[in-house]
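Take a look at this single chain, the form predicted on its own, given in structure tokens.
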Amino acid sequence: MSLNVEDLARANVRALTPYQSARRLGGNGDVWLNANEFPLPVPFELSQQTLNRYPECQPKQVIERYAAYAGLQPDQVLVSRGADEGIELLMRAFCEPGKDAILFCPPTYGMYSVSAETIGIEYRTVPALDNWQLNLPAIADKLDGVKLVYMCSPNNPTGNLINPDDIRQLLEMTAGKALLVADEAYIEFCPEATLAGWLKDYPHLVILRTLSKAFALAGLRCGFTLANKPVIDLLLKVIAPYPWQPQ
């Protein structure tokens, strides 16, 4: 009998390399470029007067105001602990570990692979072309068994926008097979490129947003998943009962 507690852990977790966030890497100074933070504090006041009550799972006022900001209906918005939780909720709701897969196109955000490995979901990669655009034929060849395609636009770390004609082709390619998840963490720097207005035409489109970048609220840990109601309803089945942190 082994006395090593690590032997009790799942094999994929033992082999997992965690996401190396700026804070995990350490360092000194006030400006952390590798965290993509706003370097100056943003003044705001705490409005929660008591902490003896659990917070709402989906705070009504936050949902309504962000829906208005995004030009959507409240039932198309889910609030979570950063966009990172949205990435993982989609995997938990739509992917069977050991059966389904996700796909993304590096170089891009590292949490897609970390979340997949943590849950035990296969991930497939199709490297971006030399101009950082999607390699659509190569993606088509790898779609069998894929339930989620993650596409970051503007992309992290390259900063480029994905060609909208290519996005439409990818949406047609994945219809009835997979969800296309557009990570719009940096969309406030080019708001005209958002896909929020496309939700009415594509039931399998999902959009991830965050307040950590342009809104300079990284410490708040507040993100949003934008999708049509059937997708939001499924995510509400797997989200933690108290994901919202009252501030």
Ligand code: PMP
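This structure is a prediction, so every number in the text was calculated from the model and none was measured. All residue numbers are counted from 1 along the displayed sequence.
FYI, the form predicted together with the ligand isn't displayed, but the following is about it.
> Only one of T118, Q169, N156, N163 has a non-hydrogen atom within 4.5 angstroms of the ligand in the predicted complex; which is it?
Replying inline: Filtering the options by heavy-atom distance leaves N156.
I need to confirm a contact call. Of L148, C105, V77, A83, which residue comes within 4.5 Å of the ligand in the predicted complex, counting heavy atoms only? None of the other options qualify; the answer is A83.
The ligand in the predicted complex reached by all of C152, T210 and R221, non-hydrogen atom within 4.5 Å: The answer is yes: all three residues contact the partner (heavy atom, 4.5 Å cut-off).
Residue stretch of 66 to 74, 185 to 193, 52 to 60, 199 to 207 approaching the ligand in the predicted complex, non-hydrogen atom distance within 4.5 Å
Looking at the partner contacts, the answer comes out as 185 to 193.
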